[in-house]
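As structure tokens, one chain now follows by itself in the form predicted alone.
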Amino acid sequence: MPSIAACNSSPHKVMVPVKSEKPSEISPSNAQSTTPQKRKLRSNGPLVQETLVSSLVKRKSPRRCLNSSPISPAIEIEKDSSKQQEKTCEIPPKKLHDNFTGKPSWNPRDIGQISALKEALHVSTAPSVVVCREDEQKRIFDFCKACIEQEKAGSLYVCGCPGTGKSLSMEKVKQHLVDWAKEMGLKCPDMLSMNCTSLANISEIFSKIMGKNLPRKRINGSASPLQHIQNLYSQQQQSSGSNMTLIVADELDYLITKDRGVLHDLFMLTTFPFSRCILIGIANAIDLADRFLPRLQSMNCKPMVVNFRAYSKDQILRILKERLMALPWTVFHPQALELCARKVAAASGDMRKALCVCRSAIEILEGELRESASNLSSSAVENELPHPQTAPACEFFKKQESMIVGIDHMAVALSKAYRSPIVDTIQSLPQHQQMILCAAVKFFRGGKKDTVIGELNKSYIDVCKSTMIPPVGVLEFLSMCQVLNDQGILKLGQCRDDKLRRLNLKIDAADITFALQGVRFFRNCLQ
């Protein structure tokens, strides 16, 4: 039956009409008698074209769309497909710069913005909140709190690698102690903070402690400041209720002497029966107490140790974001900050190094903008800039990204921060001495370890010919090789004939390649 055949037929199957070579031979009456009515309707031109259009349109899945069904007409399918295309056109594709367009990009040509940014990233700028050191600060604070509540002396040693937040965390702990003492109605301890490297004499530290405890006491010629402090802490105080004294000695390893007497006497002040001294020493060495204070350990007076570990990648990234959060502009690309955090964490975990690298990347961006501004004249800029109403959105994003410190700027800053000193020496050499090093790298590339000056001179002449630069004479070539020998780059042997003097590289060839590959001229010389 025709109705059953129509239900079973799939709407995706298209019956393409076969064009006859002689259409005049087939009459309408003959077609009606031989073909069912449904076949006739499918063979009509307009209906066949409509079916073709409906089959080419991508049908929605019945599970995803309730309005469509496998037997939906072609017109409804076209409407649904057109609506779907309109929706997809309305949603723009997500781009990478959508992640950092929440804030307006900064203007590197604004002196005020540059100074505010560099101040936020400066090492001496203390942030309002010290993040990623909450556990260490809590241990130090609990130790000081217990000593103040019990009115008992104690010693603590804070150690860790440089740039791990030891001194900064100690400053925050001191603020928390003052706030806590005021809140609890207790007497705030007297605080004495010093950097041991600023002492003219290492025994001067006892004079400063005595001045804090006995400000009006005059020192007699027979007794030293240390003896006065020891006598003070050996007998009971006449005036009860005197304040505790918190002594913070930074760079404590500067007090290490041959007999270790000053360091030992300093920690022994906390062991006297009536001592009211809380001593906190800060240094980089982890085992300072074990190596230089063995007697304290035998007397069961070893100081408590708080170790500050090197910052991880996530911690460095979080600290950088915390510092930049106060600024109302977007300065760094997110991936540039992540690159800085990864490199610094893998090298040392020094937060001060990460801040210096970020400042260096900003200066690199400033240099690029100054160079581009000097190359383009004002008239050329006015002719090339499009009208703001007709400028596409991509041009806006490109302009925005050009004002942001990107991955390339951060990579250059990292290479400057972590390269060896010999790289700076090679880059500061005159051009012909650099070409001699290029010739040496190419000559020793075959596996040779040394050669004579005459052979290196031939390789140098070949490099000069390839770059269309006239070479220097033999005597001048010998003098330049002698200069490179004095700087520790080449090693020259002794021989009566200067051309037969043997030489080899005293540095790694990779350092020469790294130092010169940034310039296209020397990159061609090394090929």
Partner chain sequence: MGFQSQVEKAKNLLRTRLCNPNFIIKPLSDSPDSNYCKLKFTISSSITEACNNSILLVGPRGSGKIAVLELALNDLLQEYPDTISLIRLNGLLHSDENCAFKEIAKQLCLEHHLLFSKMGKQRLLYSLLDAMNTVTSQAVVIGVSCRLDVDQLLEKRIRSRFSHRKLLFLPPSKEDVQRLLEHVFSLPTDSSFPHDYAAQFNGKLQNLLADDRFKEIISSYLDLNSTINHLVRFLFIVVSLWESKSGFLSLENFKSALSSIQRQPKQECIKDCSILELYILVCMKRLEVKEQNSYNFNSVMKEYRSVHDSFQTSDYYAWDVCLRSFERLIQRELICFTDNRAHGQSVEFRPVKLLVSYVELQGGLKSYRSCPIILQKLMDH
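These numbers come from a predicted model, not from an experiment. Residue numbers count along the first chain shown, from 1. Whichever C-alpha set is largest while still superposing within 1.5 Å between the two forms counts as the rigid core.
Note that the form predicted together with its partner chain isn't included here; everything after this is about it.
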Practice problem: Mind telling me which stretch in 118 to 126, 437 to 445, 300 to 308, 339 to 347 gets its heavy atoms within 4.5 Å of its partner chain in the predicted complex? | Solution: 118 to 126
Exercise. Check, residue by residue, if Glu251, Arg352 and Leu475 all come within 4.5 Å of its partner chain in the predicted complex, counting heavy atoms only.
Key: yes
Practice problem: Give a yes/no on whether Asp142 approaches its partner chain to within 4.5 Å in the predicted complex, heavy atoms considered. | Solution: no
Practice problem: Answer with yes or no whether Gln230 is in contact with its partner chain in the predicted complex, where contact means some heavy atom within 4.5 Å. | Solution: no
Quiz item: How about Gln175: is it within 4.5 Å of its partner chain in the predicted complex, going by heavy atoms?
Solution: no
Quiz item: With the partner left out of view, is Lys313 within 4.5 angstroms of its partner chain in the predicted complex by any non-hydrogen atom?
Solution: no
Quiz item: From the list Thr425, Thr271, Ser234, Ser193, which entry has a heavy atom within 4.5 Å of its partner chain in the predicted complex?
Solution: Thr425
Practice problem: Could you work out which of His264, Arg109, Lys187, His432 is the residue within 4.5 angstroms of its partner chain in the predicted complex, going by heavy atoms? | Solution: His432
Self-check item: Sequence-ordered list of residues in 467 to 500 near its partner chain in the predicted complex, where near means a heavy atom within 4.5 Å
Solution: Pro471, Val472, Gly473, Val474, Leu475, Glu476, Met480, Val483, Asp486, Gln487, Gly488, Ile489, Lys499
Quiz item: Superposing on the rigid core, is the CA of His432 displaced by 2 Å or more between the shown form and the other one?
Solution: yes
